[in-house]
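Below you will find one chain, with nothing else, as structure tokens; this is the form predicted alone, and questions on how it binds or moves follow later.
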Amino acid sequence: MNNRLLSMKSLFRNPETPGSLFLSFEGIEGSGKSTQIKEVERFIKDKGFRVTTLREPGGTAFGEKLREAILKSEAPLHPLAECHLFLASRAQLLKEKILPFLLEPGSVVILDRYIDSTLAYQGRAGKLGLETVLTLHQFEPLNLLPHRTYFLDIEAALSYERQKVRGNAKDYFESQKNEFHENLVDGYKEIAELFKERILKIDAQRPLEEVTQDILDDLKGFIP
């Protein structure tokens, strides 16, 4: 692992909101994020916690407009343009929704994608480089990291199969060439190693129930 990347980890921190929890879910398309997020949301609510579930890009009126602009773009976007659009959406989401919610103890934010998606999609698959993406995140509030990230790890071939079964129209990123998706898988694995204290990599090619159980077993260490 690049020593420069390791040293950059000191630029980041968890939110200073005692008694609250910030979770994120990561993975390529078809990894089962939506399903697992619903299971975790139900588990946490049953424990009596306040929960808000958000997505990236999006989660605010401003962010949803950016989401529409990116995912429905018919023209190729430069990875740096993509990155700045995601950062703009993320900064607004943190300011408007995430940080105010976390201020009340007993609150949990569940986020579908966060910084690790930008590292994987624009940094690795888009070839901006992980260092560039981390550098752009060094300023408040973008330097805030979740307390725990669940990376649902599947191979690109399974992603293609699951997308085919769903039969949905492909968005901007899903329409990229096979090389992009292979680099995306490699990028996520590299990021999981870089932030291994925060990211729990889970083999999501197994039955959904087994994946859920792994997540909930880990989550019990964060939720009393």
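These numbers were taken from a predicted model, which means no experiment stands behind them. All residue numbers refer to positions in the sequence shown, first residue = 1.
Just so you know, the form predicted in complex with thymidine-5'-diphosphate (TYD) exists too; it's not on screen, but the next bit is about it.
Among residues of the shown chain, residue 149 is not one whose heavy atoms approach thymidine-5'-diphosphate (TYD) to within 4.5 Å in the predicted complex. Contact annotation: residue 71 falls within 4.5 Å of thymidine-5'-diphosphate (TYD) in the predicted complex, judged by heavy atom distances. By the criterion of a heavy atom within 4.5 Å, residue 153 is excluded from the residues contacting thymidine-5'-diphosphate (TYD) in the predicted complex.
Residue contact with thymidine-5'-diphosphate (TYD) in the predicted complex: residue 33 places a heavy atom within 4.5 Å of it.
Interface residue among 193, 161, 171, 186, judged by heavy atoms within 4.5 Å of thymidine-5'-diphosphate (TYD) in the predicted complex: 171. Site residues 22, 198 and 220 are none of them in contact with thymidine-5'-diphosphate (TYD) in the predicted complex, judged by any heavy atom within 4.5 Å. Contacts between 31-70 and thymidine-5'-diphosphate (TYD), taken as any heavy atom within 4.5 Å in the predicted complex, involve 33, 56, 57, 67.
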